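Only one chain is given next, in C-alpha cells, and it is the form predicted alone.
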Amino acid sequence: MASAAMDMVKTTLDWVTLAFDAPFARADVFGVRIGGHLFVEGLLLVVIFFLLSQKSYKPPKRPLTKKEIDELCDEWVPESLIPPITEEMQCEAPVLESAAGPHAVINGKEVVNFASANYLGLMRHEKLLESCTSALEKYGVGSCGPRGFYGTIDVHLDCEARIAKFLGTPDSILYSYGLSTMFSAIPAFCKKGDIVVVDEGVHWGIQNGLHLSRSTIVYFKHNDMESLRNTLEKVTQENKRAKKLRRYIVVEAVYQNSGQIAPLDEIIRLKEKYWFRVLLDESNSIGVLGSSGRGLTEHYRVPIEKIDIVTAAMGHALATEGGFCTGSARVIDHQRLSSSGYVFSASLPPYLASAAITAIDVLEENPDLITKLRKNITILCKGLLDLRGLEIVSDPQSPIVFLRLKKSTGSLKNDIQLLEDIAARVLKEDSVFVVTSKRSTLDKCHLPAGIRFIGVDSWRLNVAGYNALVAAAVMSLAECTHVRSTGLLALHSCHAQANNTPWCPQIVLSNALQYPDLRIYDMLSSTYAIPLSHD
C-alpha cells in the first residue's frame, strides 16, 4: 500500500518536471531563464474562474422580531429641520405700539425714537393719509392677483410712470415687497456662469439675490476702490472667457451695514474701463441724497443712463412699502416676464402705490425737507462725536449714523452682545430707542457690528426740537463710556440736577431747550461696571 502511494507521488513529480522542462514552458526574462510559467499562469486562471463562479455569502433571511423593531425605533433620532436655537437667538424684539415718529410708544412706554427709517417724516403726513384713504375707498385693501393675471390696477401704472419721470429713466417696474425687489431683479439678469463683483458689505437682500442667481460671486473690500480695481483686473485677466460672459458690479448707494456712501464716480470709471454692468441699490438714498432727493446719481452728478439697473425699496424716505426697479425699456420689459417676484406675487396694494406717488409729489414740492434732514444729521453727528469708546464710521451725509466700538472685544459675538447691552440699557433706563446691526445666521456680511442712529421726523420737528432729541440720545449713550480690556462695560447712572430724581427724557428735553450750551457730561455721576460673558 505504501509502495503504491510512493509510486503515484513519483509519477506526479515526473509529470510536473516534464511540464517545467518542456520547450514551450521555458522563457528568458532579462537574460534569466524561467521555466514553467505557462503552467503556473494556467493554474492561476483556473483558480480565478473557480472563485468567480462561487456565490457570495448571504446570511439566512429572517424577519426582525417586534423587540428588535422597537429597539431600532427607540435608537433612531431624526435630523433636525432647523439649526439648534442658541441663547443669543432667544430674544424678544421691542414692540412698537404707536406710529414711528420722533416719539413712539414701545412696550407701553414713550421713548425717543432713533430706529425708524422715516427719514423725511412722511409717515404721518396729511397728504399721504388722504391719498391712502381715497385709494382704500376706491380700490379696497389688496389687489388679490399678480400683475400678469388681473392684478394690474391703473394706480400701479401711474406709480411706475411717476417714478420713471422723477428719476429721469424711460420706464420702471413695481414690486410688492422691498426685499423681493433684490431677490427677483438680480436673478432675472445674473445667471449661472456670469461673473458678479460685489461689495462685501451689502445687505442680506442683495446677498440672497446673488445666491439665487447661482452666478460666480467675487467680493471686494468694503467701499475700497483700489480693491475693486484689483478685483476687476484679476477677473478679466485670469478668466480667458471673461469677455464673453455677462459681468456685473453690485453696490449700495448708502450701505445699510455701515452708513457709508459708495463713490459712484470712481465706480463708473472702472465700469467703463473693464466693460462691466452696474447694479445699484438706492434704498437708503432716494429722497435723501442729491439736491432734489434723486439719489446717488444726482449726488455725484452722474447721468443715470450710465447705471444699467437701479433698484430701491420704498419703505424708507417715501414712507410706504414695496420696491421698484428703473432703467431702460429693455431692462424693465425683461423683468415683466422673467422676474419671479413680479410674475408670481400678488401686486402691490393700491393704497401703497398711491402713497408712493403722493410722497414723490410732496418731496418735489418741499425741497427744504432734504435741507432740514441734512441739518439734523449734522446735529446728530456733532452730538455723538465725542463719545468715549465709540466712533462714527458713517459718511457725514448719510441718513444712517453708524457708531462702532473703537476697540473690539476680540470677537464679533461679544461685540454684538456689548452693543445690545448698551441699546437695552438706554431703552430701559433712559427711554431712548436705538438698534444694533444684529445679523441673522444667514447674513454673510462680516463688517464690524455697531449701533445705528437713523434720522428722525424732519417734517414736524424744528431745529430746537431735534437738538433736544439728540441731547437725550447723546446723554444716554454717554453713560456707556468705554470698554475696558478686562471686558467690563462701564456704565453711569444719571440723575437730574434739579431734584435728584432718575433721569427721564422730559427733563433732558427741557434742560436742552433752556440751556443749549450745557455740557452733557456735567450731568453724569456714580460710575459702576457690569461684567460681560465671554466664550
Partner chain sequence: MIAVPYLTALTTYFSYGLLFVFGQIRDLFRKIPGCCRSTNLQGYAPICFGNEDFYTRRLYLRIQDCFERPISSAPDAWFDVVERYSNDNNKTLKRTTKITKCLNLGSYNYLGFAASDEYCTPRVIESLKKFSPSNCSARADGGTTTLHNELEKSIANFIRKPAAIVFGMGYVTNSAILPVLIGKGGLIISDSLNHNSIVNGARGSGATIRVFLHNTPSHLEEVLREQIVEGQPRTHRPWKKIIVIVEGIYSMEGELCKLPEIIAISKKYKAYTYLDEAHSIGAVGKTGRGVCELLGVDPADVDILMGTFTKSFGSCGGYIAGSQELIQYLKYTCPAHLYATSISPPAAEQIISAIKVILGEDGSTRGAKKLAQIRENSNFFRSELQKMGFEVLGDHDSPVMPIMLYNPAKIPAFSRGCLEQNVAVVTVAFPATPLLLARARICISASHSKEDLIKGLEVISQVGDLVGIKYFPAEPNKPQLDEKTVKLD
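Each form is matched to the other, and the largest set of C-alpha atoms that superpose within 1.5 Å is called the rigid core. These figures come from a predicted structure and were not determined experimentally. Positions refer to the first chain, counted from 1.
Missing here is the form predicted in complex with its partner chain; even so, the following discussion is about that form.
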> Any chance all of 152, 183 and 440 sit within 4.5 Å of its partner chain in the predicted complex, going by non-hydrogen atoms?
Replying inline: yes
> Counting only heavy atoms and a 4.5 Å cutoff, which of 404-412, 226-234, 358-366, 97-105 contacts its partner chain in the predicted complex?
Replying inline: 97-105
> Would residue 140 count as a contact of its partner chain in the predicted complex, using a 4.5 angstroms cut-off between non-hydrogen atoms?
Replying inline: yes
>> Given that its partner chain is not shown alongside this chain, does residue 448 nevertheless sit within 4.5 Å of it in the predicted complex, heavy atom to heavy atom?
In response: no
> Any of the heavy atoms of residue 69 lying within 4.5 Å of its partner chain in the predicted complex?
Replying inline: yes
> Would residue 146 count as touching its partner chain in the predicted complex under a 4.5 Å heavy atom rule?
Replying inline: yes
> With its partner chain left out of view, which of 179, 384, 423, 210 would have a heavy atom within 4.5 Å of it in the predicted complex?
Replying inline: 179
>> Going by heavy atom distances of 4.5 angstroms or less, which of 388, 222, 127, 246 would be at the interface with its partner chain in the predicted complex?
In response: 246
> Considering only 330-355, what residues come within 4.5 Å of its partner chain in the predicted complex, judged by heavy atoms?
Replying inline: 330, 331, 334, 336, 337, 340, 341, 342, 344, 345, 346, 349, 351, 352
> Just checking, between this form and the one not shown and with the core aligned, does residue 133 shift 2 Å or more at the CA?
Replying inline: no
> Can a Cα shift of no less than 2 Å be assigned to residue 291 between this form and the one not shown, given superposition on the rigid core?
Replying inline: no
>> With both forms fitted on the core, check whether the Cα of residue 150 differs by 2 Å or more between this form and the one not shown.
In response: no
